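To begin, one chain is listed below as structure tokens, in the form predicted on its own.
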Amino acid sequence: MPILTLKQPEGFSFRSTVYSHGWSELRPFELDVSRWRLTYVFTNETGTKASLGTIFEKRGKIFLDLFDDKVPAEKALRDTAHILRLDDDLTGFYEVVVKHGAVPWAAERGAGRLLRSPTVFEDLVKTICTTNCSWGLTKIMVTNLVEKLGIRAQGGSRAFPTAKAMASVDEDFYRDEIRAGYRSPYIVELAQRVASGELHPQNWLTSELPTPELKKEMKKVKGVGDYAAENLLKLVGRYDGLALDSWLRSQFYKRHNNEKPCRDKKIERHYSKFGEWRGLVIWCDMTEKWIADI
């Protein structure tokens, strides 16, 4: 297939986006930092066919090299734009960090876009797999989901499984084969609700609910607490919540509190001046070492 092209917005940083958080390490993403190539296994609308795609930047444009034509080019291009958040407007974020002199490198480097999956369902499942466990276990769970339930693309790579595929197996499968532990019944119930049409996570992208109300909706999904909901909110473009977990807390203690633990209220006060962007500010603040020099 010919290589497809997307126009990138002014000031966009491909490297800062694909390296923004751990999603680039979770299948079906794979990131080659030596050449700055991000691969993903795309699917068609029904999730019955898959194509491996390689995303890269060159001369101010985003390129998508699809392995074959099993997935329509238009669908793969839409998914790529969503993954890289090419339509996100971060003007307000850059204005507030410049105003307060915080994370100035983010504005200078065009950072702030958080890599996400083509669907909110995939982001939701991956987020549940990050709760109460090590990052290593998260990667094992997601890899197992893809390898055992995802459809195969030509060349051997597999896509993230559909809700229907995930609903076709029971709790024991998730415990024994996926290593999902206590999450197993939550994932089964989530997959069943989405597959049946009872729950539509994709609608969270365009919801007109105020953020606190949308957060409540997300928390109705079993396995989604405050941290998971606020992480998901960032991936649908709302940055009101800090999504505090043990890693963020520990980094705040080191950076802003002389390495001493403190109450979450202190962390919340520290970032309150950034208003609706505070969740993105804390993330950039804590990940500066990852991104600022790439």
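Everything quoted here is computed from the prediction, not taken from an experiment. In this text, residue numbers run from 1 along the sequence as written.
Here the subject shifts to the form predicted in complex with the DNA, a form of this protein not shown in this document.
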>> For a quick test of understanding: in the predicted complex, does each of I140, G225 and A228 have a heavy atom within 4.5 Å of the DNA?
In response: yes
> Counting only heavy atoms and a 4.5 Å cutoff, which of 126 to 134, 145 to 153, 91 to 99, 206 to 214 contacts the DNA in the predicted complex?
Replying inline: 126 to 134
>> Against the DNA in the predicted complex, would S246 count as a contact residue? Criterion: heavy atoms within 4.5 Å.
In response: yes
> Taking 4.5 angstroms as the cut-off for heavy atoms, does V221 touch the DNA in the predicted complex?
Replying inline: yes
> Going by a heavy atom distance of 4.5 Å, is G22 a contact of the DNA in the predicted complex?
Replying inline: yes
> in the predicted complex, does R179 have a heavy atom within 4.5 Å of the DNA?
Replying inline: yes
> the DNA isn't shown here, but in the predicted complex which of H200, K164, R175, R78 has a heavy atom within 4.5 Å of it?
Replying inline: R175
>> Under the 4.5 Å heavy atom criterion, name the residues of 182 to 203 that approach the DNA in the predicted complex, in sequence order.
In response: Y182, R183, Y186
